[in-house]
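Coming up, as structure tokens: structure 1 and structure 2, two forms of one and the same protein chain.
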Structure 1
């Protein structure tokens, strides 16, 4: 250690250490490690960089990050589970209130009412958006929420098959497989209509049975279109005694029918777009909500905040509810192992939803849909380009197919990058049946000029090639 004491370690000056050692009757620090077998004491310095001052760290990290090609003049049309949206200044400001971000899970509710109330409000707003009555205060992300939902449905029905759409985020599917396999849950994918992308009800009816624990759909789907046969799908699930699960992008819920109105029992999704930055894909914010049904509630994973009163009943307050579902009480019988979640992201989302209100959320949905469809409109005019692939209504993401252009998605992408445009995600490997296709994302952050910059650039690129 250098001469000075480290700013984060107030007791490191030698005099203080001396004083404390004297009080507890030891002569040196090594005495405190006397029970660590000699064999395991580290006898060499760790191979780590020299300690830096704050200013040096700042310069170092800034220099590293500047190697990222990320800046406000770079147009981003990537989504696919992590979406570019505007985060209002107020959201960042509140999430940086140190009383909130330096606190732990509110185990002592009397001194943590602020966090508890904020999380209760987050849960409540998620309920309003999804049409559910109960929400937990977050899971890690949408993918792990899907894994948890499948396991919950299996516990509830004592069945071990889950039906999911063929069109699903590949990483979400991979995560689901990993969560499902140890629980003995098998996954079956339901085919889609080649023209519309919509789930094939016929295939659903063929695959559903009294072994089906749950039917899962996504709305909007991974490829951005709105799934419309939602009432039929839920009904089909319930007729067979299965749980109906819907995955959502909550930015759509200002204008789309909430899953609670079409029979969903469990709603999951990703709340990153509600007030959280993309952060290279993490932290994210897993939504998990369900109907007010004790059978369901008792099987929910994750922390839930509830309203209660003081012991004397004189005042209303908040504390963690139904802790007997959780690992710290129920251990191996817990509904999930989750402990640390994404609480601060949930607070950010609560602030975001409060700022927008019902009108703002409707406008958000409308603006996104207008912008995305304007992009579709312009793109589909480019000769050889097909946008979208499916004849269905699209919300903020849509497929763009380049089969007829003579260029691959990859080639187009590289040429766009030269013009400081991040094109959509190449999905030609994941969905080979769709050919040279990319998934584009347009949100409220994109202006008309920016959308047109994309389309003219594409026009030029494709014209140059042919």
Structure 2
């Protein structure tokens, strides 16, 4: 048997390389890369390190990983799109069963009934939670769902403008811009009330027109406050023939009115808080749902799982009811080039929602809101600290301003990290009008004692103690 040239590359022995080149009809490796311009080719062998044994590699990787600070080792108050929540053990236990874990995506529906049913249940619960009638079986994340919703609204209305709030996650906005530009969609931001953070209805009315394809709002907003003018905003959109799109944090829907009850046509959001860990920032899970309107349904991206029966009606079954992507229909008729979904994450969310039920989701929302507002109450008592910045009700996240403390958000964060506390997201660059402000997140995982530890630590930091 040939000795390998490299232990991790099975086809690296020269005689195997020669056999492969002979098979594909080339004399040397240079011919394989002849389409690559000469100036871009490396003129020397790769500078790879000497091979290590499995034990040596294990020790090397563990030593490198030990330099990291992970959420389980710290007290974390960071959210801003990927939030710390408790995932019950049963969620991972079911999602990691081989029947679900290995099936990934049901390309062969007739042999994927278990996965199809799980995704059907996920869709059903998302509809119940959002007040919509139809949901797909997930997209990549909230940001991609927003981009898809904008393009969907443009196709439906044959208009090329979308209005969004000025207060929006900067990365979500960047993703929307990537989706919008090739489709010729322009994005206009609507101003907000500097005292409350609420969308300016006056600015909305000045900017909305017969060119507006959709009006997008977030509730709760990126900065955590609850938008109280949702009915008026939806009416304004519909009066001008535009689509009303609402972005949500689903953990708030146990206590807040669902978007379907205030006129939303499309609901999007991030389902990571529903039974999925933070996972180093991904994968996430994009929610996408709409009203029971065939025009809307046929323009939805991704896949919709349906329930049916066998031809003789004797047995229940599940199927791909709609998948309007370019792999399955004529390319020019595809609604999206989304090539996959987050099936396993959606299964985890389905298990989580079924486990909690309506009462459990209500209790979750109440606990989050109570904990967050307890933190606001304590932090607002610290001299020089303003929490929150806006005079509005907040759900999970809230702004903390340090303008009068003499310290920047960055300095405060560095001192908190030394105490093994991860503070909120620094938003002073994204929202310079708010000054030295951070976005803090408090969920059901934070105990009374942990919130008080954060408060005491900030008091000591601002008092000049190490």
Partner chain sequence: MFKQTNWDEPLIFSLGRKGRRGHVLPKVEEEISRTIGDVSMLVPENMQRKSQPGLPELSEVEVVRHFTRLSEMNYGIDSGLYPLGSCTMKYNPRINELLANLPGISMAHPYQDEGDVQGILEILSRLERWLAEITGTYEVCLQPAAGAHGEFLGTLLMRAYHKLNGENEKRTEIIVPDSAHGTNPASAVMAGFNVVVIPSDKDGCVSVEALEAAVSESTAGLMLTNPNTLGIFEENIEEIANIVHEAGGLLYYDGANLNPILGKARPGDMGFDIVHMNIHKTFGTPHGGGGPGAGPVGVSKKLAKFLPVPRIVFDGESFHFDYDMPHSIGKIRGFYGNSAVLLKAYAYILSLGFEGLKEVAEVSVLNANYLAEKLKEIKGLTLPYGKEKPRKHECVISAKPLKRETGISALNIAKRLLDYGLHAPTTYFPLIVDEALMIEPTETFEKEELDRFIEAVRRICKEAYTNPEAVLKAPHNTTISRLDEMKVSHPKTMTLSWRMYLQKNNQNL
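All values derive from a computational prediction rather than experimental measurement. Between two forms, the rigid core is defined as the largest C-alpha subset superposing within 1.5 Å. Numbering follows the first chain given and starts at 1.
Enquirer: Can you tell me whether structure 1 or structure 2 is the form predicted on its own?
Expert: The form predicted on its own is the one given as structure 2; the other form is structure 1.
Enquirer: Once the core is aligned, please say if the CA of residue 432 is shifted by at least 2 angstroms between the two structures.
Expert: Result for residue 432: no, shift under 2 Å.
Enquirer: Note yes or no: does the Cα of residue 73 move by 2 Å or more between the two structures after the core is superposed?
Expert: Yes, the C-alpha moves 2 Å or more.
Enquirer: Is residue 452 among the residues whose Cα moves by 2 Å or more between the two structures after superposition of the rigid core?
Expert: The answer is no; the displacement is under 2 Å.
Enquirer: Could you tell me the distance the CA of residue 64 travels between the two structures after a rigid core superposition, in angstrom?
Expert: C-alpha displacement of residue 64 between the two structures: 3.6 Å.
Enquirer: Once both forms share the same rigid core frame, by what distance in Å has the CA of residue 48 shifted between the two structures?
Expert: Its alpha carbon moves by 6.7 Å.
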